[in-house]
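The chain below stands alone and is given as structure tokens, in the form predicted on its own.
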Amino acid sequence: MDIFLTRLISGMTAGSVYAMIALALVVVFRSSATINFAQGEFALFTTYVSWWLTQHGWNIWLTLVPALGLGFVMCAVAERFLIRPVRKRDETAVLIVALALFTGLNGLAGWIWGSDDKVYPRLVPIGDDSFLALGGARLYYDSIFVVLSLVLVVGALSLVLNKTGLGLQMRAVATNPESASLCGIKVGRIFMISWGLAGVIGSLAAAILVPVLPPGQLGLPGMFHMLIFGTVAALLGGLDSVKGAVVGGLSLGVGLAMINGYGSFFGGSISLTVALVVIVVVLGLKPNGLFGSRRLERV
């Protein structure tokens, strides 16, 4: 039972990060029906900026302000000047641009800060007694912080979407951009804001992720696997569902923790293999995910 609880806590911690990455993907998809495959590299770049500021004497918490702001600006600018001009052509052009952004941002980060791994400070310091006893397992404070961060992000995002004029416009654009435009909504501006919000969520997820999950260091390949897991979580829950992103992320995190923990006979971690299997199964059996809505098109 103690081992089960330990793996459950580990899975919830990882799943909360997957859910936040999935939320960033969902925010973009809801507004523009586009999957931002460069989302992880935007987050990686802003995390490098956060780390760089700590090397110049900044408190790690203070570095989040410019990092999240940069995430908003970078994603909004990318949507306006790189994604939007090619979206009118076809989805393949959008995919190519997103992949180019993925490669370019990763290369730019390596050119500026080098390819060596960096030690990224923890947002929540831990020590020998930095945990709560849960049965025979240890619930560390940083795990609690990760889960609470997800709760706050979901709460803030739900508040924006359901209780503000901006959220109403975002929902209108997500439902029917043409009708929203006829009603006077500036669709292009909503696209930019949606991408910017996704950049903020992704940047926060990366800053939380790096010091918590192995190996606990900031490196150039660090966000690639997380983007895959976040994409799987979004597909599993539904690419246009906030609730689905949370359920998908937590389910994936706990599921992978249990498979890796109890499936030692496989001879190592099979997380990526399981993630790819989930993608195939979801796309084959339920393309809209668990909570995604069907998109009907009149022809």
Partner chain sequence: MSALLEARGLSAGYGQAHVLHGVDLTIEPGQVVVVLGANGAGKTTLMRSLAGLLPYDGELRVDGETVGAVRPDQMVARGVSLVPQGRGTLTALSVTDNLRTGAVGRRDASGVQEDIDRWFTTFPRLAERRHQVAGTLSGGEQQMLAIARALMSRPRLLLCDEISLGLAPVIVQGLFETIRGINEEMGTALLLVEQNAALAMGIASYVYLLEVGRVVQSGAAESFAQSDSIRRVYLGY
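A quick note: this is a predicted structure, and the numbers were derived from the prediction, not measured. Residue numbers count along the first chain shown, from 1.
Keep in mind the form predicted in complex with the partner chain is missing from the figure; the text below concerns it.
**Student:** Just one of Ser194, Ser143, Gln169, Ser149 has a heavy atom within 4.5 angstroms of the partner chain in the predicted bound form, so which one?
**Tutor:** Exactly one residue meets the criterion: Gln169.
**Student:** Ok, Gly184, Pro125, Gly155, Gly135: which has a heavy atom sitting within 4.5 Å of the partner chain in the predicted bound form?
**Tutor:** By the 4.5 Å heavy-atom cutoff, the listed residue in contact is Gly184.
**Student:** Heavy atoms within 4.5 Å of the partner chain in the predicted bound form: does Gln217 have any?
**Tutor:** Contact check for Gln217: no, nothing within 4.5 Å of the partner chain in the predicted bound form.
**Student:** Contact with the partner chain in the predicted bound form for Val200, defined as at least one heavy atom pair within 4.5 Å: yes or no?
**Tutor:** Val200: no contact with the partner chain in the predicted bound form.
**Student:** Can you tell me whether Met226 touches the partner chain? I mean in the predicted bound form, with a 4.5 angstroms heavy atom cut-off.
**Tutor:** Flag for Met226 set to no.
**Student:** Give a yes/no on whether Leu204 approaches the partner chain to within 4.5 Å in the predicted bound form, heavy atoms considered.
**Tutor:** Leu204 lies outside the contact set for the partner chain.
**Student:** When the partner chain is placed as it is in the predicted bound form, which of 67-75, 172-180, 135-143, 204-212 ends up with heavy atoms within 4.5 Å of it?
**Tutor:** The contacting stretch is 172-180.
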